[in-house]
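One chain comes next, on its own, written as structure tokens: the form predicted on its own.
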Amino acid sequence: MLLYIHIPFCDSKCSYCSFNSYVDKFHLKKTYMKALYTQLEHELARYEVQGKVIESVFIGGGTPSTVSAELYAPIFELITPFFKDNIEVTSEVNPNSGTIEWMRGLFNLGVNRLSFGVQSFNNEKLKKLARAHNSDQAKSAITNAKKVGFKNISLDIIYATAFESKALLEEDLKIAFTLPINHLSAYALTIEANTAFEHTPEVALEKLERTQWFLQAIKDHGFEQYEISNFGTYKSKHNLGYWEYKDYIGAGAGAVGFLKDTRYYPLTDIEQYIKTPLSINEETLSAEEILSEKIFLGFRSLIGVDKKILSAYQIQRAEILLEEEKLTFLEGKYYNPDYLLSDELALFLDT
């Protein structure tokens, strides 16, 4: 079982961000964390959590590093008894707010992996993305994480923008691989509704040849691609858990939980969530929807798609792709060797 905790506070709103986050609600931090505790107690009972069964935790946002370690302490007191041995506990961090003191506080609570929202080491590109940090802050923060004692450190890079050249991306990777990281997430810029970039879609500019080069360049540094956007000498247990379709608790305003065939959606509005943290909407998925999601997730990651879950028609379609060398087959599973084709392959099986 996985656990996701959502922190919806941000220092600033990035131009591309469509996540549930707010820049003007900092006065609600204490009451929000209390509501989060209430919901977590409820979810542990609903999921019938007994024994050491939580295998990974991910604290995302928003910006988790805007909340002090002191406010996280009661949450960790509640959930730590359910941690499996060798659990992975990740927190996202922004370089401008992830001070060495904050990182030390989270490390002492049990966080053992950090994911830095760097996006680029080019200051002009950072400004155009409306990031709140600069290149020096990013490098310093990641170096400090190593000093604190973190062994598993990841950073994000955004590509496929109108703000970059091949040379800029080369420099981003050159700097990234001088830092003490063992994981990198590379995300193509996508234009989402209700974001600052919604009215300037031309800022997203993907060139297939450059994307192929960029992803290969990451692999050439010794980082294995284990999902369309994720690379590393270390593979995140939490990421893998989602793709393996494991159950997960989603706590916080805007989080999502999943148990068996049902998704759970806490309220997104912070004030309403604080008032009624147990007001949680439900969505039951059909067997067909679950199968489609397993195919989609399997083809965009190293998880693959088990032949046993497919219909006779889907197996027939998969065999066509196998003959065309668009898929491989090993030990009862179909695998996609080119993650950039994952959506098309999943659609081919379902049409």
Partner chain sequence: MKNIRNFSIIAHIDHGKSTLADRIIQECGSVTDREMGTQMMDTMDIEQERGITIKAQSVRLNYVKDGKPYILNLIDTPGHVDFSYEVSKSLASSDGALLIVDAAQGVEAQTIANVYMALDNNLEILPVINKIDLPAAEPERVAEEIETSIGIDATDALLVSAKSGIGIKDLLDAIVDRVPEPSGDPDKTTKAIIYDSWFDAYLGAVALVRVFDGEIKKGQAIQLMSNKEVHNVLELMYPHPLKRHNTPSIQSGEIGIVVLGVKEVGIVNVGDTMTDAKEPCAESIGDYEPAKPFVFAGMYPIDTDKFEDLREALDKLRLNDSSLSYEPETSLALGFGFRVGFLGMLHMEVVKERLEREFNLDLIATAPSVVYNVYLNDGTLVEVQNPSELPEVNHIERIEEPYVKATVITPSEYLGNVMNLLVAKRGIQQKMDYLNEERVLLEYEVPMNEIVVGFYDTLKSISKGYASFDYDPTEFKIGDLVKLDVLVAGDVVDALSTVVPRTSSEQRGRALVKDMKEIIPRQLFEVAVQAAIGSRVIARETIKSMGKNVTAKCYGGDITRKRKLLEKQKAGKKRMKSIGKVNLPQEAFMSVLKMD
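Numbering follows the first chain given and starts at 1. Keep in mind that this is a model prediction, so the values were computed, not measured.
This next part talks about the form predicted in complex with the partner chain, which is not shown.
- Just one of 307, 317, 46, 29 comes within 4.5 Å of the partner chain in the predicted bound form, counting any heavy atom, and that one is 317.
- The partner is absent here, but in the predicted bound form a heavy atom of 248, alone among 116, 248, 223, 121, sits within 4.5 Å of the partner chain.
- Within this chain, residue 296 lines the site of the partner chain in the predicted bound form, having a heavy atom no more than 4.5 Å away.
- Within this chain, residue 162 is remote from the site of the partner chain in the predicted bound form, having no heavy atom within 4.5 Å.
- Although the partner is absent from this view, residue 5 stays clear of the partner chain in the predicted bound form, with no non-hydrogen atom inside 4.5 angstroms.
- The partner chain is not shown here, but in the predicted bound form it comes within 4.5 Å of a heavy atom of residue 339.
- The candidate stretches are 98-106, 180-188, 81-89, 134-142, and the one lying within 4.5 Å of the partner chain in the predicted bound form by heavy atoms is 180-188.
- Although the partner chain is not shown here, in the predicted bound form the stretch 224-238 places heavy atoms of 228, 229 within 4.5 Å of it, in sequence order.
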